[in-house]
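Shown next as structure tokens: one chain only, the form predicted on its own.
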């Protein structure tokens, strides 16, 4: 008897659906709305980057090379030996896909702290793996990594531990000593540093790579560098580890325009400094402006977003998001199966006017 096409799909993919970012689709559909939901950079690419994009778009008929120049630049920036310590991806999302493909078989586990970036679970489940979520500790209006609980959660099935540093959406860093404790397990240890530039590379854990071969650092140019639409991420690792993971990448996975525009952005330190300064000033503005609202918890952030908990003030995060959208602002809801999050919502740093509008709108909501 002829089988249905559905029977040919691997079992673990059958319940899965295409990932759709409804909030991003909404922003493109209604450009008048303020995009304060996706941790994008509000400052457009610099003139230097735009010039590079124009230059290489003229030869878009040619296949890209293996990115030796930009990989060498990234390696040098991070005190590593050379391009073989670096793997490029179509955003850090593809980097996570490559990493997990390298280590996971169906039934294997990836440990994450929660709340965190959703891509870890998405790529793990796609490969037939299981995500193990260890809740962060919510105490004294702050979130703390629970490294003891992460270590207790490790089993023979654990094939990767993934920690965001700083964490998305809580915006906080984990202590350096805790990274060492996790690195010493020997389990592939992935440290997601998507937002590290806002605090500076001095906060990076890249030095652990030279001591622990199981440590892998991931980064992106979507945030502080403001190139979310060009899609470039990368990983840093021991040469042997990086080149084995590189065996999983699709040939020509990063385009010529993207690579050279990204290289220009990396070399344009003045532009990066401008973006970081603006962002950190605006984070401070939002935190200070809203910290006086009784009961509203403002989580300190080292990234380009701020997380709030309105529950102690007797308010619902969903209601706040809906109210802001009526005022023209798109915010982001937060999900975590391990926490009660009725009051949680997150804002992305926008332009100066957008941040002022956000503060005004939140104050208006709480004055009702």
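Numbering follows the first chain given and starts at 1. For clarity, every value in this text was computed on a predicted model and none was experimentally measured.
This next part talks about the form predicted together with a small molecule, which is not shown.
Next on the checklist: Just checking whether residue 96 would be counted as a contact of the small molecule in the predicted bound form - the rule being heavy atoms within 4.5 angstroms.
Outcome noted: It does: once the small molecule is placed as it appears in the predicted bound form, residue 96 has a heavy atom within 4.5 Å of it.
Item to check | the small molecule contact at residue 194 in the predicted bound form, heavy atom, 4.5 Å | outcome: Although the small molecule is absent here, residue 194 would touch it in the predicted bound form, with heavy atoms inside 4.5 Å.
Checklist entry - Applying a 4.5 Å heavy atom distance criterion, does residue 205 contact the small molecule in the predicted bound form? => result Result no; residue 205 lies far from the small molecule in the predicted bound form.
Next on the checklist: So, residue 164 and the small molecule: in the predicted bound form, are they within 4.5 Å at any heavy atom pair?
Outcome noted: Judged by the heavy-atom cut-off of 4.5 Å, residue 164 is in contact with the small molecule in the predicted bound form.
Checklist entry - Is every one of 171, 282 and 299 within 4.5 Å of the small molecule in the predicted bound form, counting heavy atoms? => result Not one of the three qualifies.
Item to check | Among 270-278, 143-151, 252-260, 86-94, the region lying within 4.5 Å of the small molecule in the predicted bound form by heavy atom distance | outcome: Going through the listed ranges, the match is 86-94.
Checklist entry - Using a 4.5 Å cut on heavy atoms, which of 231, 123, 71, 159 is close to the small molecule in the predicted bound form? => result Among 231, 123, 71, 159, a heavy atom within 4.5 Å of the small molecule in the predicted bound form occurs only for 231.
Next on the checklist: Within 4.5 Å, heavy atoms only, which of 109, 220, 112, 214 is in contact with the small molecule in the predicted bound form?
Outcome noted: Partner contact (heavy atom, 4.5 Å) among the options: 220.
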